[in-house]
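Have a look below at one chain only, the form predicted alone, in structure tokens format.
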Amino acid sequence: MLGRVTERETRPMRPTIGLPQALVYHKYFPLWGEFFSYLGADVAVSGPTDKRVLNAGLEAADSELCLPVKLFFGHVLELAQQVDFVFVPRIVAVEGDAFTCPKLLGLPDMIGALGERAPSLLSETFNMKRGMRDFYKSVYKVGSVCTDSSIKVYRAWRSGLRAQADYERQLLGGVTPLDVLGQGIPEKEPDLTIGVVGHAYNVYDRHLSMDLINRLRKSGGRVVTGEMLPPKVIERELQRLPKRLFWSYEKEVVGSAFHFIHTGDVDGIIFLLSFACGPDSLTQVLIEHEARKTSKTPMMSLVVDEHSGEAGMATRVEAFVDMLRWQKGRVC
């Protein structure tokens, strides 16, 4: 099944490719959306997460999986009857000295285990550790669902990279993916700056995070996230660790948290993580230890799971913001 188009003997004239709005979507949607559109495919994105989508994922996925993966199942099932293929890449490594999370390595296998409910998957392995030649082979295999022309696939990939670079420039300029998607609300004369760290699939999924970004903005906070920091800043902060992390996305979380802790650029820090995530559990210990050891900046960890209630989250966030405002008034 994997590494090729499944259950299709002929290529549709204009295939519809489904992109689940979960996991790495908020990191790479400009890249893959532009790539498939350039090749002439119709791109269908699953809708924003809601209770119905989450419940579908909870019912379909194994109970031992972390919440973001369970949610991914729900988004895949939403697309299953609407598209020719659902794009579910196996992302092994995005850099030479680290891996992604195990859930991303095994994602196509887990979705394929749905059996008759599984849609036709468009899947290929992306592993930067094997070098660029192997990486581009994977890109071509994915693009071959739309065309036999390697030149056209290459041009589509370059166009996708330009779209991704423009997106990342916007994030570095101080906006969030929610703003790019038209889901963010404007800040209302903020008197606090709050750093929010965590995986993009937790922070920017409005249902999963219980709309944390917009909730903070409504309370008068200016939100700063890890995506707004240049990679060199993240890398510099990681030098504080006695040993390098070997998970790429955890490196981004830890590096951004360390930056907020050591620079004092924010009035407070919120670390949003999901229950049953092993790497998150490790990074939580590293970040909280660093905060206690070196920083006067208040920090709060929020753990979300399928049983989290919005009222409890709202109470904790409001109390944290009130405490930051009180502390800032004392200092001033």
Partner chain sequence: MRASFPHMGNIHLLMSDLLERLEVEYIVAPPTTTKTLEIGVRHAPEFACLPLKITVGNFIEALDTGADTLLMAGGTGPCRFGYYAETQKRVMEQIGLDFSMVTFESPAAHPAMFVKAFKTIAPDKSVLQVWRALKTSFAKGRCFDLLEKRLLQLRAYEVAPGSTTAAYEAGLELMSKAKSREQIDAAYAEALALLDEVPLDREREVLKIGIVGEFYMLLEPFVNFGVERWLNEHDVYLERSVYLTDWIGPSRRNPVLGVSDADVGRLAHGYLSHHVGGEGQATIGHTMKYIEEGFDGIVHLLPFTCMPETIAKTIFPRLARDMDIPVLSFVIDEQTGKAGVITRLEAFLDLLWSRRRAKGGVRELVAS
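Just so it is clear, the structure is predicted and the values come from calculations on it, not from any experiment. Residue numbers count along the first chain shown, from 1.
There is also a form predicted in complex with its partner chain; it is not shown, and the following applies to it.
Under a 4.5 angstroms non-hydrogen atom cutoff, its partner chain in the predicted bound form has F73 among its neighbouring residues. Shown alone here, E59 lies farther than 4.5 Å from its partner chain in the predicted bound form, counting heavy atoms only. Within 4.5 Å of any heavy atom of its partner chain in the predicted bound form lies no heavy atom of Y154. Contact between K103 and its partner chain in the predicted bound form is found at the 4.5 Å heavy atom cutoff. Proximity to its partner chain in the predicted bound form, defined as a heavy atom within 4.5 Å, holds among G33, P279, P68, G268 only for P279. Between the options R52, K296, H307, H289, the residue in contact with its partner chain in the predicted bound form by a heavy atom within 4.5 angstroms is H289. Listed stretches are 165-173, 242-250, 191-199, 139-147; the contact stretch with its partner chain in the predicted bound form is 242-250, by a heavy atom cutoff of 4.5 Å. Taken together, A22, V45 and S219 are entirely out of contact with its partner chain in the predicted bound form: none brings a heavy atom within 4.5 Å. Of all the residues from 59-96, those having a non-hydrogen atom no more than 4.5 Å from its partner chain in the predicted bound form are D62, S63, E64, L65, F73, R90, V92.
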